[in-house]
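Below you'll find only one chain, the form predicted alone, shown as structure tokens.
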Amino acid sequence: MREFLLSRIREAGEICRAEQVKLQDADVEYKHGREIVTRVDRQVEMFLREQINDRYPDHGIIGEEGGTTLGGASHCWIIDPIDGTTSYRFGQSYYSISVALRVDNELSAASVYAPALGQLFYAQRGDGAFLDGVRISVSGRRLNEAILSTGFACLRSGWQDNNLKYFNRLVPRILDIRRCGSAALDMAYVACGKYDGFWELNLNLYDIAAGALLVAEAGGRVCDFSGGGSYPEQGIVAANPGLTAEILPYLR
């Protein structure tokens, strides 16, 4: 199953790379608010769904564009075909494909692939997290020396109670801020120590499933804004355990 996941996500990445330069205005739509989707989002998800259905016809699928097909399946694939569609639409490199496998309601395996950057992340429950085959781990830095990442999906959705207040609380207390525009890639970067922590709200399961397993298997902690397990519905935080404890008071 590991080889199936990694080979299919690489193939999906080749579709993204080939099609990005061909995108026209007519290939872009608004789903709701200011959230965009391209024909390539749908093309990549359809490719992954077809591959999974051919290989594992009794498995369920949750996808950003194609919805949910679960039935009574104990195995479920969670797909974000292009996480960071805005970056993708404007010819930038910071987008990713995110695929996770959930078995009996527990994340079992996950991969995040950034095709334009050539970075392939993989994690398996109990076996660690890897970047291009090399084992990775979260950083050990604390708040005053930390580089954090976040996003603003809540603003695009018109939320009044949004991320700006948390941003304004945290940024003066950290070293710096970074933002890929892809939650999956941001969390993968936390897993390998490129970033120290990540927080965001107004995300969906397909946005964070693969990244959450990567961070957990890299020695990090993933929780909601209250320190519990109701993420992403009640916000999500991902960092090394000590840094997570420092971040949480600013999110309450």
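Computed from a predicted structure; not experimentally measured. Numbers follow the displayed sequence, beginning with 1.
The next section is about a form of this same protein that is not shown, the form predicted in complex with a small molecule.
Of the candidate stretches 47-55, 22-30, 181-189, 221-229, only 181-189 contains residues with a heavy atom within 4.5 Å of the small molecule in the model of the complex. Residue contact with the small molecule in the model of the complex: residue 43 places no heavy atom within 4.5 Å of it. The small molecule is not drawn, but in the model of the complex it has no heavy atom within 4.5 Å of residue 130. In the model of the complex, the small molecule sits beyond 4.5 Å of every heavy atom of residue 69. In the model of the complex, residue 152 approaches the small molecule with a heavy atom inside 4.5 Å.
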